[in-house]
Structures are given as C-alpha cells and as structure tokens.
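Taking the form predicted alone, here's one chain by itself in structure tokens.
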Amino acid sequence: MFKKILIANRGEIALRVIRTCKEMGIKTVAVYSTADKDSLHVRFADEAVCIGAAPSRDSYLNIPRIIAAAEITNADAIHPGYGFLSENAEFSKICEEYKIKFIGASPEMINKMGDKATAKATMEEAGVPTVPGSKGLLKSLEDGKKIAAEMGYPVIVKATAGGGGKGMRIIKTEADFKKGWDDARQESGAAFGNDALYLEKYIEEPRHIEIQIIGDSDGRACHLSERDCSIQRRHQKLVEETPSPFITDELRDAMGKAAIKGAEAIGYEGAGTIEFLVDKHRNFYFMEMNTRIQVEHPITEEVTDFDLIKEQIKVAAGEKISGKNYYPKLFAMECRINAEDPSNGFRPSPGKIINLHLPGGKGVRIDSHVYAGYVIPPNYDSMIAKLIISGQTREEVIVRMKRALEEFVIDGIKTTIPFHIALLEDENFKAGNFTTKFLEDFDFSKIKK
C-alpha cells in the first residue's frame, strides 16, 4: 500500500480523497495555487505545496510543478481527482516515467477512450451497443451529408476532442447541414485545437444514464449500477440520482453487462464510468467513457455502502476486486451547489461567504471545501458543494432534499439552491418524467429570488 499520496486537484474532491487516505493510514500532500491558500484541502492535508499562480495553466495543469511537488515530498502516488489532469495521457505517462503511481487510467487507456471516435469503434468491436453514425471521422462536408441522408435526420455532429457540449450541433435537415458543420468545426478548433468531427444519429427524448465500473490489473471488472444524469443545462449536469426512475431491473442488468464487456475488452484498471444515451423505447447506446472518478460518485457510495475512492487506491496498489456487482439498497440524489445566480442566466457569483449554515439530519451528506469567511475565487469551476441525500424511496429523498436545501444558508454570494428547490417542486420531475432536454422548457420564473 502507498505511504504518501499527492492529490493533484483542489476543493471538495481533494478534501474527499484526503479523508479516505486518513482512514487508510496514508499520508497526504495537497498542492494549491495562490488563490487556494485558504482552502480546506490545504489545511487538512499532512503537507501542502504551493505550485503556482491562480490560472490553472500555472498551477493545477502544470505537470512539471506537480511532479516536482511529489518528488520533494516523497509521494509514491498521485490521485488526480476529476477535471484538470485526471484524463491527461501525458501526465499519466510522466508519472510512470518518474515511478510515481498514477491513481487512474494508463496512458493507453486514456488515449483509447479520450478520442470519442476511437472509443466508439472500440466499444462496437466489443459488442457494446453504439449510436448509429459515421465509421470514424468525417472526411468532408459532402461525406457527412451522404451519411446523414442514408441514416435519416435529425443527426448530430460532434467534435472528436470535445467536452462540455462544445463542438456539437444538432442538424434537422439537409439544408441546415453546412451551417451546423461550419459552426461545430469553428467552435471545436477554437476550444480544443482540433476541428475533426464525426456524425451520429440524434437520439430523441434521451436519458443520460451512466454505469459505474471498477476494474483491476487482471482485467476483471464489476459494476455498481447506474446513475441518472439527465438533468443538465448546456450539457453540464446539475442533479444526479440512483436508481434511475426510468430504468427497469432488466435494463439495469443489460446495461451493467454491456459496461463490463466494454471495460474488460480494453483491460480497464481503476474506477471509470461508461456513459449511455437511453431513448424513450429503452434502447441504450454507448456515448463515452470517463477514465476517472466522477463528480457524482457519492450517490453510488450511499446506495451501495461502498467507498469508491478507497477502491481506486486499493486497485492502484495492486489489490484485486471481488468480482461481484453492486445494486442499490437505497435511493440517493445529488444537487450540485454552484456559486451562480440561477435567476440571471446562471451567471457566476464568486466572492466572500459571509455566513454559512449546513443542513444535517438522517440521510444528509455534504461534500464541500467552503466555510464562513472563505473567498470563492473566480478562476475555477463554480461548484462549491454537493448535497447528497439518501432514503428508502425516491419520494422520501425528494422531501428530504427540499428540507435540507431550505436549511442550507450561504450568505454573501448567489447560489443554485433556489433553482434546486424550484426543480424539486416541479410535478414532472417528481414523477420522474424528464429527459436531457428537460431544462429547455423549465419555467425559471418559478425560482424565488
């Protein structure tokens, strides 16, 4: 087992990893930017190293400085959390070269799954259902038009290097194809330095359902059931829950088997997520694989009584998984509390937290790095807390979540708490009737200011 782990991340996920490391008797090293010197992950780690200025490129994305911090503190492993360098093949490879264990996917796995066109081809070969589309990248505008005509509209063009909804365009008719093609290429080239596109059939009324998997160094994998991540705004998740109100036992088993098949086909090691689109007829299609821990992993932990961070660390240290699959014993939901103003187009709201009161009670978990007096920097993602609620039924979880949100006091900044309360009062949401497009028609005037 590792003696000391450096956490190459910040905020709540860094604190989350530190907590599990402490319970495992492993020393921890926090790295931080000048903007994060007062963050709780810095305070609670055994050691802390400042790695640069506030911009991510100078700190949390600066590989030489992170490796140097690991070397001077004698850390024998690095946990990347999510975001930043967690799916960076170069970082994983450099860790290998410096004989520091990267608690995540190998460079080969990241490259194979990071390129969406390659990932799709790999999963097709493994027998995992995929969305009908182009065989690899589109060669030209005319090539795309031809495939779209054969497949039938609507279609969607996607950037092979995409993420966060960038480089994607839905095209409903042939007359719209050129504009969608040009817009997607321009956006992808600006955002990722790569304007290559591929084409898929557009799935109407889709659910975004992901399967949590764990694989070990023997190439064996297991799953921990699904998470429904359909409540999204501009492809960014806001609420996640498990089990999904849409998924049947038969579909859960079929998706779990497909996820394991995909993971074992590439010999995947570590924690990962196979993400699917599920249409209104409950047909499911592979969308992408995330080769890291997910923001929403706590809801899986709550319903399976399983520490995913601990399992990540154990597998990275060479331990083997049990091989059994895990199914929900409870219901759980996570609301992402962001420093944003939902009544003003979710405009970011960094600043100082004047007063903070966290909710409590049975079935209430909060993962956060903030406190009264903490100044939220404008340099990073706006998520400041995750409110995770568990209960015996989905109805109980919704009632408990609303109660907890009403107890949650954050003065000094705007947050998404009022949005979440309005969402939980929506009759369609309460009935489980929603898709990834749900918020496009949501009445944001219901949000109390």
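Just so you know, these numbers come straight off a predicted model, no measurement behind them. One rule holds for the numbers: they count along the sequence shown, beginning at 1.
In what follows, reference is made to the form predicted together with a small molecule, a form of this protein that is not presented.
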Using 4.5 Å between non-hydrogen atoms, is Ala316 touching the small molecule in the predicted bound form?
no
Though only this chain appears here, would Tyr202 touch the small molecule in the predicted bound form if you measure heavy atom gaps against 4.5 Å?
yes
Evaluate Lys116 for contact with the small molecule in the predicted bound form, applying a 4.5 angstroms cut-off between non-hydrogen atoms, and reply yes or no.
yes
Does the small molecule come within 4.5 Å of any heavy atom of His369 in the predicted bound form?
no
Residue stretch of 273-281, 348-356, 320-328, 177-185 approaching the small molecule in the predicted bound form, non-hydrogen atom distance within 4.5 Å
273-281
Considering the small molecule in the predicted bound form, which of Pro243, Pro206, Gly256, Gly363 comes within 4.5 Å of it through any heavy atom?
Pro206
If the cut-off is 4.5 angstroms on heavy atoms, which of these, Glu288, Glu301, Glu264, Asp195, is the one near the small molecule in the predicted bound form?
Glu288
